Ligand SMILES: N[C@@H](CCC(=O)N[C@@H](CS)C(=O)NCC(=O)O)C(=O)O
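A lone chain, given as structure tokens: the form predicted on its own.
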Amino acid sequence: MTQPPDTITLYSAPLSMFGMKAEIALLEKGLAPDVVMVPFDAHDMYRPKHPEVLRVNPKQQVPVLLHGTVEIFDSTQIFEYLEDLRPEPPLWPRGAGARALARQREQMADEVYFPFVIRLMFLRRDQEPEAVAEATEGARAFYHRAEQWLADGERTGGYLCGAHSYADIALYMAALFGERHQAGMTQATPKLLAWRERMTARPAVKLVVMRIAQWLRAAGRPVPASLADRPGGD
């Protein structure tokens, strides 16, 4: 389906970490997407699948972005498209080496850190305590790695790669889901806790995560402590 040239439609979902990554990036770029939330409930999950998600994404998952004749999926590919579409404000660093590092850290948030969280989503805590402990320790070891990234970048902006970037969006959203599954940050990584505060205060981030808090509350699910004591999050 060809979109009107000025219309950006993002198919996301109430509990799609990757969809929320994409929405935050769009808002950071000053773009106002038409966000279509794919229905979710505890029994059917995302079934029946939205026809546009089925048509565009062979993996049958959100996010899916439509913009004119452009139809793409995968949050990282959406990041790349947005950087070409609207270079300012930049969300990849300038310079080949710095950009490669930021891309690596964005990928690590998705593919090194987040698998620990996915594992925690499906483990039975009362029956698999050793596996739960292993996954939780893996997540927290990653926090220590990110703590060092922040220490290295303190003089240049206080984000994972110095200046704010897609890497920050990726880890922030992944870590929010880690907190939901009892693998949150602790005082052992104070720089990371301060970074989370800076991230949550960003208008684009706050808009998206307060909506998550509201959805969780309405669904009778716990709201992460890092959001629960904020206006709109309690």
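Treat the numbers as computed from the prediction; the structure is a model and nothing was measured. For every residue, the number given is its place in the sequence shown, counted from 1.
This next part talks about the form predicted in complex with this ligand, which is not shown.
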Which of these residues, Met17, Ala25, Leu10, Ile212, gets a heavy atom within 4.5 Å of this ligand in the model of the complex? Met17
May I ask you to choose, among Glu83, Glu147, Asp110, Glu71, the residue with a heavy atom within 4.5 Å of this ligand in the model of the complex? Asp110
With a cut-off of 4.5 Å between heavy atoms, is Lys206 one of the residues that contacts this ligand in the model of the complex? no
Give a yes or no for Gln61: in the model of the complex, does one of its heavy atoms lie within 4.5 Å of a heavy atom belonging to this ligand? yes
Any non-hydrogen atom of Lys49 within 4.5 angstroms of this ligand in the model of the complex: yes
Can any non-hydrogen atom of Thr136 be found within 4.5 angstroms of this ligand in the model of the complex? no
Looking at 74-82, 92-100, 124-132, 137-145, which stretch has residues with any non-hydrogen atom within 4.5 Å of this ligand in the model of the complex? 74-82
